[in-house]
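Form predicted alone, single chain, as structure tokens, below.
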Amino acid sequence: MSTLDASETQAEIDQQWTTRSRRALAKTFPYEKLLPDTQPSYLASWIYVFGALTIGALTMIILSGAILSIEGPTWWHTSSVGLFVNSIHLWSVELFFFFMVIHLWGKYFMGAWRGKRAMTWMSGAITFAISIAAGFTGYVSQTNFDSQWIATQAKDGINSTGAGAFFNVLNFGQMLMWHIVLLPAAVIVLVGIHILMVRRRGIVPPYADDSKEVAS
């Protein structure tokens, strides 16, 4: 192959969408940022632990929820094993929200949106909002008196906003699908995006200590 043919072939390769996508991805998320060898010293703060704990609780929610989905929504009423798995699912959700709220408020007071990190902060806040909807649809999918009471109490409030035309809390099948398919998928995708953004921009540094500057 001549030099001209080789250059033309390389030019064609450079124009392929897979080549452009790979290069753009490598530029946006270089390996040294995705898997860094070192981290700044201020990462030792306990507030960052709650972000990792939130991901751990989400993992347990997904695993226990998958088992409950396979066995069916009424399995935990008739089986001690089902009751145990459902309890793990419930407490994982409780811990998930507990860790997420601490992480969210901690990062709020640390100004986590500084240094071009606004999208990182927004992705976390949106994930929290969607998680509330996921938790609500889970409560109305329990197939017990509690779920019926919650659904009937929420019906009028949701209908008053006009959302009842698309989000019928008295429709068990619709609520179950929202809970086990759509909302979990959205949470998982947003958490993945959030982690990638944290890797790309890095951990937000602490506020500067103005008192030291004044003293000096």
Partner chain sequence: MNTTRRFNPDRDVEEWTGATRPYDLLKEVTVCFLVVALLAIGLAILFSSPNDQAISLRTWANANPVDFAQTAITELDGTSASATYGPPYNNTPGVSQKLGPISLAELMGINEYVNPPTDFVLRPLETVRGDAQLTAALTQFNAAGTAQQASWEHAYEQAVSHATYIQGSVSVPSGPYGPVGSMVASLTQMAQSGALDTSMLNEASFFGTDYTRSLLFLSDGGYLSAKADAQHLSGDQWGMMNEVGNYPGQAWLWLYTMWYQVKPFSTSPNADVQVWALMMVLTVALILVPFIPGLRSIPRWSKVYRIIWREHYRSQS
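Residue numbers count along the first chain shown, from 1. Owing to the predicted nature of the structure, the values given are computational and were not obtained by experimental measurement.
Just so it is clear, the following notes concern the form predicted together with its partner chain, a form of the same protein that is not shown.
Asks: Just one of 67, 57, 191, 180 has a heavy atom within 4.5 Å of its partner chain in the predicted complex. Which one?
Replies: Only one listed residue qualifies here, and that residue is 57.
Asks: Looking at the partner-bound form in the predicted complex, is residue 115 within 4.5 Å of its partner chain by any heavy atom?
Replies: Within the cut-off, so yes.
Asks: Does residue 111 reach its partner chain in the predicted complex, with heavy atoms at most 4.5 Å apart?
Replies: Yes, contact at 4.5 Å.
Asks: Using 4.5 Å between non-hydrogen atoms, is residue 81 touching its partner chain in the predicted complex?
Replies: Although its partner chain is absent here, residue 81 would stay clear of it in the predicted complex, with no heavy atoms inside 4.5 Å.
Asks: Counting only non-hydrogen atoms and a 4.5 angstroms cut-off, does residue 26 reach its partner chain in the predicted complex?
Replies: Outside the cut-off, so no.
Asks: Scan 33 to 71 and note down the residues that get a heavy atom within 4.5 Å of its partner chain in the predicted complex; none is a fine answer too.
Replies: Residues within 4.5 Å: 34, 35, 36, 37, 38, 39, 40, 41, 42, 43, 44, 45, 47, 48, 49, 52, 53, 56, 57, 59, 60, 63.
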